[in-house]
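Given as structure tokens, the chain that follows is alone and in the form predicted on its own.
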Amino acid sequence: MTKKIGIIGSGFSSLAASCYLAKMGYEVEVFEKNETVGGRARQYKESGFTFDIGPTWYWMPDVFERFFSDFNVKPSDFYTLEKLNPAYTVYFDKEETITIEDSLEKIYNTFEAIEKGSGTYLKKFIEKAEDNYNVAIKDLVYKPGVSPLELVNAKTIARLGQFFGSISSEVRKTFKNPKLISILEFPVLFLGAKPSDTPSFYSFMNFADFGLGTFHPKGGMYTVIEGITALAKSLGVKINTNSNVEEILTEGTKATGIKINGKHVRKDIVVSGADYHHTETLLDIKHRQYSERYWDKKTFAPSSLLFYVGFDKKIKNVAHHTLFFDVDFDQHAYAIYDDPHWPEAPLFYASFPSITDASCAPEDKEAAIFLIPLAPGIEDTPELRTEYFNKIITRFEHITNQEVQDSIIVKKSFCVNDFIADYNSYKGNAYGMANTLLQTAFLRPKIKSKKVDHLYFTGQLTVPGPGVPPSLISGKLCAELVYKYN
């Protein structure tokens, strides 16, 4: 008889796992607590504006291609990609910006113009980063984190030193200009930790940035969720929304189903793509693998204060992705990782998808997403949200030399309390557990429960780590372990 699998959550990792498991012959059903699928990658629409609530960067297109090719389809069967040029612009002050364009040659020239010799240094740096990328994608990230031996082969042994040095030290050995250093350190922020705490092997993120480029799916990142959802349904996956999982049912040490809105639903296997810490609270304490002390000692990726803003005019002097590094990076990082508090002068990021994609805003209007990285677990009040919006929008006006506050016709915020309420996110973190040296591969929380048979985990708190491409990979790794043991 076909085994029945219940999957908790419908984010990238859950949907990916559902596709693989359905292809393997299981009867798969997904349960999502919110009204729409997508997990943290949901969508918000108002007054003709369309905003991605969560991820806005489409990096590592090869991972998406590999995912869809596993089902004999292509990303283009579900959504249309446009490579961005520029990929992004960085403001360091009102007078100085650095624009990262859409080819390595252009980026080498940009670096060379700022710091003599740095174009040549960058070429060598990126060649090494590409080599690391190939090792990471082909030899490491598609491993399930079961054993330290997964990391041991001739290629990784040759790079052993890169696991004990940091990105920060690696970059500073070669580059002296602080602005170029900031740009080279920026990509590893997607891994959730400070560059000084991120192994230098992760320079492969610089190749993902400069070498592979930045893309935009027409209609926003949510179209990728819609594509994977369509694929899952075509494979026979049943998807339920408004289905809050209240308990994971067990008999002895075996998962036997889930309790949803007061109703017991029997399943042979349970997979959770929900927050790992929250999932374990759905079990009796004796079945939990990790204590509260364990979670409290871990380094989590930041939370975020986000604003989804609709302007009644087009915005000038910005790119689709625009970074505002006009304040001290180290002070902001200290407020996130070392002494959690609201940063006095926050760095922030802004996305203007309607610059590229007319479907994201009404004609002659602009859709914008503003993001401030924050420490998880800090106080979140309406007053603080208002104060920090005023801080960044005032700086935005000054730096980009335009008045915009009177042109706001849509504004919605999302912060720590919302990450907790909507996603049961541990301390309101925005995208999982950071990839530090001691939180990499087999040192991350396990995909297969060590205490409950037939219970598995997928997503940004397990292997391989935070980000959308790793979430797709996590879904595959989880499905393969389910198949191996069942």
Ligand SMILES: Cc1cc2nc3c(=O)[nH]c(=O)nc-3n(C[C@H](O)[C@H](O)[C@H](O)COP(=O)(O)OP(=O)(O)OC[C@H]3O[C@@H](n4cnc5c(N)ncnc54)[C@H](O)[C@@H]3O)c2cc1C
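Quick note: we count residues from 1 along the sequence shown, nothing fancier. Predicted model, so just to flag it, every value in this text is computed and none were measured.
What comes next is about the form predicted together with the named molecule, which does not appear here.
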query: Partner contact for residue 439 in the predicted complex: the named molecule, 4.5 angstroms, heavy atom; finding: no
query: Residue contact check: residue 57 to the named molecule in the predicted complex, 4.5 Å heavy atom; finding: yes
query: 4.5 Å heavy atom contact, residue 445 and the named molecule in the predicted complex; finding: no
query: Exercise: residue 50 in contact with the named molecule in the predicted complex, heavy atom 4.5 Å; finding: no
query: Per-stretch contact check against the named molecule in the predicted complex, the hit in 241 to 249, 116 to 124, 193 to 201, 140 to 148 (non-hydrogen atom, 4.5 angstroms); finding: 241 to 249
query: One residue of 128, 320, 278, 391 in contact with the named molecule, assessed in the predicted complex (non-hydrogen atom, 4.5 angstroms); finding: 278
query: Full three-residue contact with the named molecule in the predicted complex, heavy atom 4.5 Å, for 334, 348 and 373; finding: no
query: Sequence-ordered list of residues in 410 to 429 near the named molecule in the predicted complex, where near means a heavy atom within 4.5 Å; finding: 419, 422, 423, 424
